[in-house]
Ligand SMILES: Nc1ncnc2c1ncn2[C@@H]1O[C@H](COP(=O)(O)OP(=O)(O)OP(=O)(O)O)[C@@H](O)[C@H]1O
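We begin with a single chain expressed as structure tokens, specifically the form predicted alone.
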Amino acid sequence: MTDVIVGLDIGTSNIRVAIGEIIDENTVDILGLAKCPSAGLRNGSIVNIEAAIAAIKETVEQAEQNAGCEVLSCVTAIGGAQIESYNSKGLAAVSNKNQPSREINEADKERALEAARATLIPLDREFLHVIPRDYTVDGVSGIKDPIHMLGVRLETDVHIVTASKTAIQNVCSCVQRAGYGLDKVWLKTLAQVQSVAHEDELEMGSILIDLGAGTTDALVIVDGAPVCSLSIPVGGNLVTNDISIVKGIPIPAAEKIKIESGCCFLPSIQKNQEVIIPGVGGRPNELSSQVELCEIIQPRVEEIFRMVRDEIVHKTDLQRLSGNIILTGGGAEMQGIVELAQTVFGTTAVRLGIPESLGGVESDYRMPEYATAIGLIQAQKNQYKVPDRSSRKTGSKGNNKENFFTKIFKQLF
């Protein structure tokens, strides 16, 4: 099979696009990438429709030029404050009390999942994902797939993610008014899992942390399924703001210094390099050092990690995870980020979330900041089977199939 899928990551500071060609069920070639400054967003939410439309269109057009193909539709993701999640249970009777047990089929699973969905949510929210964690058949728990098992009573534990209707409508409006179709909206961290996490990490229990500019999102996965998804309303922009205030320079200059010379863990600085702080309003440039800059950055990034850790402890009863803490997003590329996370979380099991090596002419996607765009391509690939096409044009006009991420967890759409 062959088709093209476009992953659109609408971030607070940057918009990233990845175009991937699905060669067969196991092969993806990355045809083109693009990254442009974002506009019209604040803390992950769209606040200026027209500015966001222009930024999306500019980025997609650059990706089209790089890939040499036309974009008709895309897949995108949302996160931040517009996301809420909780765990629920569903129950379905497989057979009546006076009848013998029978084999469980897909219809029974769907009824159990629908029962789990039957919870009251505010009118301004809608279901984004309903993810089965495991099943229980006649009191026997821990079953990942109950199909063909004999039973009378089927129960399921699910993780439900809801999103603001307004947030989804704003994203859809921006993408469509930019001239593209929108195939699906994913939870950002769930899409990232598809591109950076390994099966053994998910089975053992891992935490994925997306260090964005406006927000910091996290997803906790245990036994191959999410148990908690959360968002902290602070991110890399707060670090930039601290540099701007302490050094008395504009935000753009502070952002440039943070990217070029920033470090968030003092012991990881090998050599105390000089940092030039630009003057403002005719004031001469000031000479600073990387150590002095780190003393501004480290407390804020440490605070963000502590907020994530405390929120995970508050929302879950987990005592221990044996997998890894996986860091993604643009903030994960700062020097010393892994070492600082190891200190805050008290473990050496911390790594950067770098998308796996795929085919194609592009290779620049192998960075934490492209985890969402690449993950969207892989997530959408798992969801449907794409027919052969004679020309490269995007869109998900294929036959739907069960979306099963490396046989770990199932999505219900």
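When you see a residue number, it is the position in the sequence shown, counting from 1. Owing to the predicted nature of the structure, the values given are computational and were not obtained by experimental measurement.
Keep in mind that the form predicted in complex with the ligand is missing from the display, and what follows is about it.
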Exercise for review: Look up in the predicted complex whether residue 334 has a non-hydrogen atom within 4.5 angstroms of the ligand, and give yes or no.
Suggested key: yes
Exercise for review: Tell me, yes or no, whether residue 20 is in contact with the ligand in the predicted complex, where a contact means a heavy atom of each within 4.5 Å.
Suggested key: no
Point to revise | Interface membership of residue 44, the ligand in the predicted complex, 4.5 Å heavy atom rule | key: yes
Review point. Taking 4.5 angstroms as the cut-off for heavy atoms, does residue 213 touch the ligand in the predicted complex?
Key: yes
Revision key, fill the gap. Testing 124-132, 213-221, 311-319, 286-294 against the ligand in the predicted complex with a 4.5 Å heavy atom criterion leaves exactly one stretch, namely 213-221
Review point. Looking in the predicted complex, is the ligand within 4.5 angstroms of a heavy atom from every one of 12, 16 and 329?
Key: yes
Check your understanding: Quick one: of 194, 237, 324, 82, which gets a non-hydrogen atom within 4.5 angstroms of the ligand in the predicted complex?
Key -> 237
Check your understanding: Of the residues 247, 258, 109, 159, which one places a heavy atom within 4.5 Å of the ligand in the predicted complex?
Key -> 258
Check your understanding: Even though the chain is shown alone, can you say which residues of 115-133 have a heavy atom within 4.5 Å of the ligand in the predicted complex?
Key -> none
